[in-house]
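Quick setup: one chain, the form predicted on its own, written in structure tokens, and binding and motion questions come after.
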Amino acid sequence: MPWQPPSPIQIFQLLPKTNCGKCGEPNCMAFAVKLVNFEATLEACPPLIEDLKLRPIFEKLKSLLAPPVREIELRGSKKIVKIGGKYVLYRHELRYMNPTAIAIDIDDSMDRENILKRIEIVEKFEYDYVGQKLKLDAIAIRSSSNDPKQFARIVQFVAENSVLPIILCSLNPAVIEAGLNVLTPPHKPLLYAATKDNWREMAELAKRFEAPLSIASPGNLDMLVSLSKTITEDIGLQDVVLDPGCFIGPGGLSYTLKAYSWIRYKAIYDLWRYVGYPLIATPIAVWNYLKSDITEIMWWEAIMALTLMTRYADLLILHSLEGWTLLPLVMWRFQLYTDPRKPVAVPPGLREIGKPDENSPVLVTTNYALTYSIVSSDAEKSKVNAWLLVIDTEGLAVDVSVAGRKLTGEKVREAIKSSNLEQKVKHRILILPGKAARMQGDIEDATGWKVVVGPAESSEIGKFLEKIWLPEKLKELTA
């Protein structure tokens, strides 16, 4: 039987039933619904946390809500990445939690200038897509020297120059220990990797340093499960990550996909705890397998990464830093990890287009991600300086939010107040999308601002403002 979510009634029966409202909800039943929909956490209930008598209930609730695939946290000096925490095999059944983390490698044989360059590219990589900032997540430090001292120096250098979580990569426990010795809290690195030859030493290191551990058994799922069982039961280590191997070539890709799919299926559908852990994939391995043109190798690495992200990999280690290999990855990850039950939305609030001042026009739009992206992009292309007031319409487009009463005068008034718009502009004029024309009177009554109906298509914003945003026209509007 696959994992089944608890019902709100099951959760409600275990809650304190104080209806205190400290969680932000009007009563415990509403909080139970939020918990079941994964829109709230148990820690949001102060009585559960503060009352020691309720600790057993807290643990029971935690167990009921726990995912079949364990969630593991990796920490850098300033950034935290969570991997795993999955509940379902197919996205439409609920949604996928914790987007696949993407790590870029650094070799301990690289010179420091090259290392700094790679760190800078990784940390500054950012792509603005439908109002979201798409970024990379971690750095994997590989020991090609197999020298503990050299590895420790590079680990320390990376930690001093990067805020991202670190993955320590070596099959030599002495090398891994040297890297761990130079990392101080809040760092919590992932150790890669324990194998059939070094598992005891690696597991003991992971336990001593309280670090998660990758278990690797390329091409041998029986050994992978056996190592997982031994390390989690005999050693008592719970934060583990599984690597069934990453292969290409005849039969290689087929095996890889089947291995990742089998592990996730057994975790979700059979609730088999020895495989109920995050999956790590190493598309970087193609650089060893292929001896062809570099562009072809990068192409294969990107293909493997995209494929394994779709087939349940929770963490990827890559080498290429080319934009054409990384951009499809972060865009597909964004699509894959959106909630199919909800429209994709951007945070509401006030945005700047160009360099607006107190006399610049104020454009109104909704927080549906695609609408926001198109409007902001068209306004920027028009080279206008304007304020963009994004209204919380629960992720609905303009025409839908008007029909569904999600774009209202009250909401526009709240947005003006929360964004301090009245302190940023001298005039009191809003430009409404043409598809929201029928809301003109409602918004004017609620806000006291003059509302001008703009074009139906945002591509016409530039031409519209050229005609309307003139001193003589503004006098007419405000007369």
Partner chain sequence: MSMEKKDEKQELEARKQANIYSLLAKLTEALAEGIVELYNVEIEADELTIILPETGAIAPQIPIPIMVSPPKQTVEAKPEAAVATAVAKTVEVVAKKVVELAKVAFEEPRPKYSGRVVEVKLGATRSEGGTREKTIVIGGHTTPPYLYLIGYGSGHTPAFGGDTFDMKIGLPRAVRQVFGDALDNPIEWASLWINKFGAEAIDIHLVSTDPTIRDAPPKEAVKIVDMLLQSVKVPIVVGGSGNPEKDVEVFRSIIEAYPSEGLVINSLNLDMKLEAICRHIAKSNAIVINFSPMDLDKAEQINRKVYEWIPRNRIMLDLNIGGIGYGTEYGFTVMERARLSALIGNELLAHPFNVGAANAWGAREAWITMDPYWGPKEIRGPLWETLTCIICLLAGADYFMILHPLTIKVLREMREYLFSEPKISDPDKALQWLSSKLPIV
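Rigid core (definition): largest C-alpha set, two forms, superposition within 1.5 Å. Positions refer to the first chain, counted from 1. Because the structure is a prediction, the values reported are computed rather than measured.
The next section is about a form of this same protein that is not shown, the form predicted together with the partner chain.
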Query - Contact at 174, 319 and 405 by the partner chain in the predicted bound form, all three, heavy atom at most 4.5 Å - result: yes
Query raised in the report: Any idea which of 355-363, 246-254, 384-392, 78-86 reaches within 4.5 Å of the partner chain in the predicted bound form, heavy atoms considered?
Result: 246-254
Report task. Answer with yes or no whether residue 335 is in contact with the partner chain in the predicted bound form, where contact means some heavy atom within 4.5 Å. Result -> yes
Query raised in the report: Would residue 116 sit within 4.5 Å of the partner chain in the predicted bound form, counting heavy atoms only?
Result: no
Query raised in the report: For residue 306, is any heavy atom within 4.5 Å of the partner chain in the predicted bound form, or not?
Result: yes
Query - the partner chain contact in the predicted bound form: residue 273, any heavy atom under 4.5 Å - result: no
**Report entry** Stretch 122-159: residues contacting the partner chain in the predicted bound form, 4.5 Å heavy atom cut-off
**Finding:** 125, 126, 127, 129, 142, 143, 144, 148, 149, 152
Report task. Determine whether the C-alpha of residue 459 shifts by 2 Å or more between the shown form and the other one once the rigid core is superposed. Result -> yes
Query - After fitting the core, residue 46 CA displacement of 2 Å or more between the shown form and the other one - result: no
Report task. Using a superposition on the rigid core, decide whether the Cα position of residue 69 changes by 2 angstroms or more between the shown form and the other one. Result -> no
Query - Direction of C-alpha distance change in the predicted bound form, residue 396 to residue 40 (at least 3 Å) - result: farther
Report task. Can you tell whether residue 459 sits closer to or farther from residue 331 in the predicted bound form than it does here, judged by CA atoms, where the change is 3 Å or more? Result -> closer
